[in-house]
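The chain below stands alone and is given as structure tokens, in the form predicted on its own.
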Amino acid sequence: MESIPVILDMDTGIDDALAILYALSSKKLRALGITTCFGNGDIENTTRNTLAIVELGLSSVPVYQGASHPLVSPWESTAEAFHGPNGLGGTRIFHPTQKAEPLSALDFLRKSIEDHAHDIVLVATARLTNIASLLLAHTELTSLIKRIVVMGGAAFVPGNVTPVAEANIWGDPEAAWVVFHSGVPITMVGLDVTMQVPISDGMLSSLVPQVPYFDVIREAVDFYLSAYNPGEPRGNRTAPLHDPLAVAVAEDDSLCKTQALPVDIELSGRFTRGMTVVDRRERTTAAPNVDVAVTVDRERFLKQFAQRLQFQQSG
């Protein structure tokens, strides 16, 4: 099986952690490295979380620290309600033995894209700050990237930070605008599909105790389920697997049906900043620039996810 060289660009919170473990267990994806970004915590937390999860995944994939704030706006920390004070639900994280690489995230991205020209896929489950910064500094790289799979946006469903904006796009809309206007092929795995693929109490309770990440994932996902279901008793809770689905689509794009559509990013609207504005008018003159995921093979993905991370059931 021919492998796909990928770089994971992450702000490691709870679902990012699950996405890392999913990617590291793939026989098809070849993770060249993970770049970190602010988002589900500050850059120190997200980088430490990434290193810890990589170590728990029994991997030595290198980690490169990236952006600590958006392109033009100050960083607003808004993720604690869903990811806890340290990005992993307040779970006590050990000090990983592996350290972030001395090379910056941008230098690593540039070198990797040049070394794997036309083959590399970037999987972005964070704010798009790192990738936008790279493309602004090195416009010549746009033709060398095979695809960017973005976990972000909300095409035809409500947002999750504002009525119309999804967190990753809202967190740095200027960066999203740069990436969406770059000309690089983009697959947008947004809330339209990620909200359809939940992890559940039943799945969590079936996690095999022998896996090295058992304690951290059990505690972190329990926090995540509570955050999405305040006041709901254990046993009935579900929460979306946003980031793992994006990684899964990078590996197997048949999991989601997509539509090629014109997508822009709202930068200045008082109520709509960070909105992914999708033009699906039949007579639009705008050229499609994004493959928007509109449906997902829910059962197939959840089965694969459960098998990869060693949950014994997918319900």
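So that there is no doubt, residue numbering starts at 1 and follows the sequence shown. Quick caveat, the model's predicted, so the values are computed rather than measured.
There is another form of this protein, the form predicted together with alpha-D-ribofuranose, and it is not shown here; the text below is about that form.
Would you check, heavy atoms only and a 4.5 Å threshold, whether Asn40 touches alpha-D-ribofuranose in the model of the complex?
Yes, Asn40 is a contact residue.
Indicate whether alpha-D-ribofuranose has at least one heavy atom within 4.5 Å of a heavy atom of Asn160 in the model of the complex.
Yes, Asn160 lies within 4.5 Å of alpha-D-ribofuranose in the model of the complex.
Although the partner isn't part of this model, could you tell me whether Thr125 comes within 4.5 Å of alpha-D-ribofuranose in the model of the complex, counting any heavy atom of the residue?
Taking the distances in the model of the complex, the answer for Thr125 is yes, it comes within 4.5 Å of alpha-D-ribofuranose.
With the partner left out here, check for me: in the model of the complex, does some heavy atom of Asp172 sit within 4.5 Å of alpha-D-ribofuranose?
Because no heavy atom of Asp172 falls inside 4.5 Å of alpha-D-ribofuranose in the model of the complex, the answer is no.
Report the stretch among 238-246, 206-214, 180-188, 113-121 that approaches alpha-D-ribofuranose in the model of the complex to within 4.5 Å, counting heavy atoms only.
Stretch with heavy atoms near the partner: 238-246.
Identify which of Val193, Leu88, Met151, Ile131 has a heavy atom within 4.5 Å of alpha-D-ribofuranose in the model of the complex; exactly one of them does.
Exactly one listed residue reaches within 4.5 Å, namely Met151.
Only one of Ala167, Leu109, Ile145, Val221 gets a heavy atom within 4.5 Å of alpha-D-ribofuranose in the model of the complex. Which one?
Contact with alpha-D-ribofuranose in the model of the complex is made by Ala167 alone.
Would you give me the residues of 6-22 that have any heavy atom within 4.5 Å of alpha-D-ribofuranose in the model of the complex, in order from first to last?
Asp11, Asp15, Asp16 sit within 4.5 Å of the partner.
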